[in-house]
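Heads up, the chain below is alone and in the form predicted alone; it's given as structure tokens.
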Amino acid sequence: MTNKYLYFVANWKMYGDLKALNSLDKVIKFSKSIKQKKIKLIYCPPSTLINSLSNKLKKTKIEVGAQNSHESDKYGAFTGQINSKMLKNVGARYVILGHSENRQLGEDNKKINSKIKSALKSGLKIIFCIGETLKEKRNKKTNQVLSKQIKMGLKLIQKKSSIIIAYEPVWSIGTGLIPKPKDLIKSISFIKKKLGKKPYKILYGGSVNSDNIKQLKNINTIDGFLIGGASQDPKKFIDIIKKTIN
């Protein structure tokens, strides 16, 4: 796995204030010491921190992303919403779309597709999340769910080189549970098959930590990780990266 280009995406979710940015000093220092050149670190903080974080990381190779965006690429009367054009303007280069936590709030595949199109138009790269719930897994509908999310989420999308797929089983997020290696390999293989000949980067997300990373890194079809809770602690985040590349 260490011969590939590896992504480590930190999803801070609804955590963090301006003081929290000081914790990144350790990660910045560590990133400069990494000898492995094929590493990409991306931080996706709350929107309130994107501009400050972008300024802090200007002289580093660490990039900044957002956690969601509105589907319209134009300004409008959408109180409380932020679109991709605004996110890029304050320093975001990536945006996470289709995360299960937003799907649970009512985002469907059609809306996610609109968001992807809008974000691509604004020049952002996409981290497109897909994954099944525990009920869907138990009912053996994993492939059916993934197929539908991919087909509808990427409908009429041309700029596929700007899209990274993040497979996040909903039942794994925040639970400490991860798929068995054989199941994860099967799911990644199915995703690749559904995506067709165009090569996509495929990340794994869902309770990634410094303990299970040793198991996860041995799955060669994974191109990196979308990390939630552990990314909020610089020591844990660095530990995950170290154990992956060493």
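Sequential numbering from 1, following the sequence displayed. Owing to the predicted nature of the structure, the values given are computational and were not obtained by experimental measurement.
The same protein also exists as the form predicted together with a small molecule; that form is not shown, yet it is the one meant from here on.
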Q: Select from the listed residues 54, 210, 207, 31 the one whose heavy atoms reach within 4.5 Å of the small molecule in the model of the complex.
A: 207
Q) Just to confirm, residue 172 within 4.5 Å of the small molecule in the model of the complex by heavy atoms? A) yes
Q.
How about residue 226 - does it come within 4.5 Å of the small molecule in the model of the complex, if we only consider non-hydrogen atoms?
A. yes
Q: Look up in the model of the complex whether residue 168 has a non-hydrogen atom within 4.5 angstroms of the small molecule, and give yes or no.
A: yes
Q | Heavy atom of residue 13 within 4.5 Å of the small molecule in the model of the complex | A | yes
Q: Look at the stretches 84-92, 130-138, 172-180, 148-156 and give the one with heavy atoms within 4.5 Å of the small molecule in the model of the complex.
A: 172-180
